[in-house]
Every structure is written in C-alpha cells, then in structure tokens.
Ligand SMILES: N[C@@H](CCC(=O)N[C@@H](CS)C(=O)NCC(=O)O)C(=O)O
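The chain below stands alone and is given as structure tokens, in the form predicted alone.
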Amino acid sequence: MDIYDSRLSGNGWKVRLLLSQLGLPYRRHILNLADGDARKREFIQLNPLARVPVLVADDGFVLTESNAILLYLAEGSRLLPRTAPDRQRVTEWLFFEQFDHLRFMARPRYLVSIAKVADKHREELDYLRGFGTKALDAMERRLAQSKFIAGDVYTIADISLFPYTSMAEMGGYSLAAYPAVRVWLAEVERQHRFIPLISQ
C-alpha cells in the first residue's frame, strides 16, 4: 500500500505508527506542504481537500482522514476490540480526538514551534489553549482510572491521541499538571514497534 504524508504531520505519524505495530509493509510518499505538494493535481485527485495523510491500498482503494485510516487498517487486529461496548468506547475517543483535541494541540504547535509566529497570534493561542486544556483535563481524568485511554488494553484510540498530546509542549502547554497523561505517554512509547515522528 502507499501512504502520503509529510515529515512533521502528527496525523501521518498515527498511520505510520499503526502500520509499524501491525508489521504491515508500505511505500511512503513524503509531501513538502510548504512547497505546495498537496495542491498538485495528482494529489488533489486522491484528496480534493489537499491534506495528508492519504492511504492507497493495493487494490486502488483510496482513504483519507487519519482516524478512518486507523479503523480500516486495524480491522481484525488486537488494536480494535471486537465486542460492541469496547469497540464503541474506542470510537468515542476517536471522535474526541478529532473534535475536542486535534485542532487545539496541532495549531498551537504550528504557530509556536514550526512557523514561529506566536507573538502575532497571542489571542488565537489563548483561545485554542483554553479548549486544549479542557481536552487534557478530560484525558487526565480518564487515565487516572485506566492504563490506556479506552480501558486497560492498548488500542488505536491511544495511537490516535498520542502524537499531538506528546507534542503539546511545542504549542506552549505544560504537562506538569497531568501526571496520568505523562505516565500514559511513556507507556505508549514502550509499545512494541513504536516509532518516533522522524523515523525515516
């Protein structure tokens, strides 16, 4: 299969982390977003929204949206529960990651540590961090009760939430007040075939 992502994409990292932990081979295509690679005609044909990641299966099936890709790849594996209640708990956290977590972690990281324009966006950063702090609070409460985010077993819910949580301090957050989150981050990094953001 083929994976299209960028070097610094947390969403792309999710997909590659899952592929590594499932031991699935793939071809990686690294797009330079700053140079407009995602707006080129051949990529727009894969994803009209011009964003990564994109998965192209061997049979030509194209799938966008990182959490949809996680669900597709994890089907039938130990990382996606088969019983309805456990499976829906994982799905619940996947929705949480997209609606309550992702933007409020990823955008500050970009402004502070990648574009380095924090001074010009202080009001936006305060707004985003207000919601991001609520997301971290919710994760802390959950992880104070269970080893992993959807229960006592490692799943794609953990893979989904790990990248941008692990990079939260790049966006000006402090994880000092979140001991359970910090323990969880370390536990995810200890999982079999864990790979860092920059792995190849």
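Given the structure is predicted, the values throughout are model-derived calculations rather than measurements. Numbering starts at 1 and runs along the sequence shown.
The following text describes the form predicted together with the ligand, which does not appear among the structures shown.
- Although the partner is absent here, Arg41 lies well away from the ligand in the predicted bound form, with no heavy atom inside 4.5 Å.
- Remark: Leu102 counts among the residues lining the ligand in the predicted bound form, judged by a heavy atom distance of 4.5 Å or less.
- For Leu46, no non-hydrogen atom is located within 4.5 Å of the ligand in the predicted bound form, even though that partner is not displayed.
- Using a 4.5 angstroms threshold between heavy atoms, Glu65 counts as touching the ligand in the predicted bound form.
- Of the stretches 138-146, 65-73, 22-30, 171-179, only 65-73 has residues with a heavy atom within 4.5 Å of the ligand in the predicted bound form.
- Proximity to the ligand in the predicted bound form, taken as a non-hydrogen atom within 4.5 angstroms, holds for one residue of Ser77, Thr91, Gln98, Ser113, which is Gln98.
- The partner is not shown here, but in the predicted bound form the stretch 25-56 reaches within 4.5 angstroms of the ligand through a heavy atom at Leu33, Arg39, Ala50, Arg51, Val52, Pro53.
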